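What follows is a single chain, given as structure tokens, in the form predicted alone.
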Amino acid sequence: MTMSNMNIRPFQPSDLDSVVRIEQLNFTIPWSGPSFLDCSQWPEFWFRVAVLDKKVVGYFVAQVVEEEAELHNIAVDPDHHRQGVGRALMNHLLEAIKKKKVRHVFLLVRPSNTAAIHLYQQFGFALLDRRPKYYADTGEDGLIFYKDLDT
């Protein structure tokens, strides 16, 4: 697989089944189809999919309000893990929000999701705070990561 033939584009309703499948394969408390469709209706939600060979292989949902953004969700089809799809999605998001003059980006992640934490740290995110027992299914804390785009 080469990243050169991967396209990152806005979500379309026809992508929903693929996005929900990827979501369910990656998360113990997955978002529902209606939740994704709801996000796609609001201009402050940036919902993008990564497409390779006409197949959705990853996506992200971020909320952008004035100078702040929050990455709510990012996932890659397990068949495409560790192939650069997540990096391409993160790079796409950060480049796009810089153009919109966003200065601060936040996200929340489980401590057990070491692959995601590693990805975020590669992009310069740093641990900002912790929400004790945030995740109801495991009692894990939620780690709040932050990146300042001005630096």
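All residue numbers are counted from 1 along the displayed sequence. These numbers were taken from a predicted model, which means no experiment stands behind them.
There is another form of this protein, the form predicted in complex with a small molecule, and it is not shown here; the text below is about that form.
Q: Non-hydrogen atoms within 4.5 angstroms of the small molecule in the predicted complex: do Asn7, Arg9 and Gln12 all have one?
A: Spot residues vs the small molecule: no contact at all.
Q: Only one of Gln41, Gln122, Asn91, Ser32 gets a heavy atom within 4.5 Å of the small molecule in the predicted complex. Which one?
A: None of the other options qualify; the answer is Gln122.
Q: Out of the stretches listed (42-50, 95-103, 60-68, 108-116), which one is close to the small molecule in the predicted complex, meaning heavy atoms within 4.5 Å?
A: It is the stretch 108-116.
Q: Just checking whether Lys55 would be counted as a contact of the small molecule in the predicted complex - the rule being heavy atoms within 4.5 angstroms.
A: Outside the cut-off, so no.
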